[in-house]
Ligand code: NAP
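Shown here is one chain on its own, the form predicted alone, set out as structure tokens.
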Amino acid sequence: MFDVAIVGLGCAGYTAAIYSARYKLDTLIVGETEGGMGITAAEVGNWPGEIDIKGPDLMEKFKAHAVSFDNVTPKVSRIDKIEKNREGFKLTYQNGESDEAKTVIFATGSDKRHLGIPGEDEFSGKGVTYCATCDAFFYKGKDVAVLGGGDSAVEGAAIAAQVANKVYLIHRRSEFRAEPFWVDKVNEKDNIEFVLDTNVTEVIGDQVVIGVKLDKEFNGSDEIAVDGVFIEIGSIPSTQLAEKLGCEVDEQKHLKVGADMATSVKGVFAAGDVSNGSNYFAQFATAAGEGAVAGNGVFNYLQEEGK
């Protein structure tokens, strides 16, 4: 029986583990992907103390710190379900094994949002990808399209432009929502062309991606020939396990949390991109902050409950 089971191996989860460990709590931290969404960040320029660091390197530091404690047990495994029992909660894994904990912290992050257009699923892995910073290298010297207008899309376009021949940054609005830092970066690139006020309606392919179809003409055609399509249109909070446990979500499907990161279910907390705790500002800094508060919240809860 662990004092706390932290679900998620990303920024929020590792930070929560660091704090729960320092509170001398027997801590289980479990998830499918070590580093979470943090490993998809090619460049991190806003983590205090690190002027410039790659996402995978930063997450490796988080992991090393969290697992350095004797009372932290890391596990890479998929959780099928979490159930409440007399002592707390039971976590059942895909392989049939299980663990128990007195409390749970959901730090499950988010999943990439899909467009839901023809050709998207058909050519997934055959030219369609959801991480430009992860996969840009495979399109060296080729033409690609990046879809979206937020930080991940604009950053992805800037990274892709370093190796691709041509990058079409396609956004359904006339202005980008990304940080000005990244907007400045793409404006500096000669091989990035903006396709604004435009939607992609279909991914075209023949065994692999050969282009995209638009809802209006661009340069005299409603099609653009590309070898790769990076879909970077945001993400959806990964709340499935928490919702099945009875945790309430808000209109944007984030887990509702209080000041101590407690959810609507007693003994269950949440931190990071999955929660509504930081005004939906999904950053390394906010995820780490929420993870710290969740660790403190669990400690106080266990003290109050006499557990």
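Since this is a predicted model, take the numbers as computed values, not measurements. Numbers follow the displayed sequence, beginning with 1.
The discussion below concerns the form predicted in complex with this ligand, not included here.
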Heavy atom within 4.5 Å of this ligand in the predicted bound form, from candidates Gln162, Asn71, Asn187, Asn199, belongs to Asn199
Can you pick the one in Asp151, Asp143, Asp135, Glu120 that has a heavy atom within 4.5 Å of this ligand in the predicted bound form?
Asp151
If the criterion is a non-hydrogen atom within 4.5 angstroms, does every one of Arg113, Glu179 and Gln283 touch this ligand in the predicted bound form?
yes
Residues in which of 96-104, 214-222, 168-176, 73-81 have heavy atoms within 4.5 Å of this ligand in the predicted bound form?
168-176
At the 4.5 Å heavy atom threshold, is Cys131 in contact with this ligand in the predicted bound form?
no
Is Gly234 close enough to touch this ligand in the predicted bound form, meaning at least one heavy atom pair within 4.5 Å?
yes
Exercise: Asn46 in contact with this ligand in the predicted bound form, heavy atom 4.5 Å:
yes
